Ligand code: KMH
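Okay, so here's just one chain, in structure tokens, the form predicted alone.
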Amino acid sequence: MSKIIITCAVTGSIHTPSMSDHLPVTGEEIATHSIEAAEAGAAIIHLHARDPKSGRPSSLAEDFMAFLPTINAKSEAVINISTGGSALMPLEERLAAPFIVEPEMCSLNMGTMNFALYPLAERITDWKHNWEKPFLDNSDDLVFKNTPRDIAYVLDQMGQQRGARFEFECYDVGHLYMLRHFVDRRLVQKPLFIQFVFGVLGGIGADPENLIHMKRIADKLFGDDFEFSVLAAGRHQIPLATMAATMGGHVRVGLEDNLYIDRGQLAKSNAEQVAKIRKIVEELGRTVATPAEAREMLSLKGAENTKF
């Protein structure tokens, strides 16, 4: 098996500050969590930004620049910037910071989908900010929009124009076929880095048989021209990541996807989750990739070609 890439998704746009005091919000917190995750073994750091006062997801370049230069100066990790932002943001807003900072990698959701977060609100009684509960409750009518036109625009603007490679986030089997469509249009460059996403209400469920099926279809569509990674929401995070490691895939952990380190126990840091999955994959006989090795595997342009 090839070396295994650990990605850490540090903060995201789904969990709200009231869910965990350990969720990083400010630029300093996000930088600290990212650097510690890299030291623990994460080769790729997947990043969103937040308003430092309210904790609300932010697309402002100034909020990204509150942590990007620090992470870049104090670690060698590959920095992967979300183009998903928040499902509440239009495409232009989601791309505002990536356009300016020109990262090595971007995430790219491969389709429009329901993105239902409202069950998370049932667990919280004390809210830190007045935006949180309505944000979650109203997600019963929330659609994340990424049409073929949107995807083509991102591929051109971030890929062709700015040299980024992509973490193709596939939340269901149909997203794999959408990716194949863009390969056929020659808008996607190989090697592909496909992130199978499980457990979001609106996407494919976090069942082991679904991981096997997604891998089988990806093999059919892309042959040997892809690397795959797995993220699973909540309590499914470690079991499906472990399964992915046994299948020769890569793994993603982080507080964006799961706030816990064990049943009923909040993770105190992203590094705690990275250390846990690193121990598991190394016991399975996998060797953790360094940032330099991840760059080579994924044909990245290098940190020196970013604008932060």
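Nothing here was measured: the structure is a model prediction, and the numbers come from that model. Each residue number is its position in the shown sequence, starting from 1.
Missing here is the form predicted together with the named molecule; even so, the following discussion is about that form.
- Within 4.5 Å of the named molecule in the model of the complex, a heavy atom is found for all three of 48, 169 and 200.
- By the criterion of a heavy atom within 4.5 Å, residue 14 is counted among the residues contacting the named molecule in the model of the complex.
- When contacts are judged by a 4.5 Å heavy atom cut-off, residue 107 counts as touching the named molecule in the model of the complex.
- Looking at residue 115, you'd find a heavy atom of it within 4.5 angstroms of the named molecule in the model of the complex.
- Contact check for residue 250: every heavy atom lies farther than 4.5 Å from the named molecule in the model of the complex.
- Contact annotation: the named molecule lies within 4.5 Å of heavy atoms from the stretch 76 to 84 in the model of the complex, the single such stretch among 124 to 132, 205 to 213, 96 to 104, 76 to 84.
- Proximity to the named molecule in the model of the complex, taken as a non-hydrogen atom within 4.5 angstroms, holds for one residue of 272, 256, 63, 36, which is 256.
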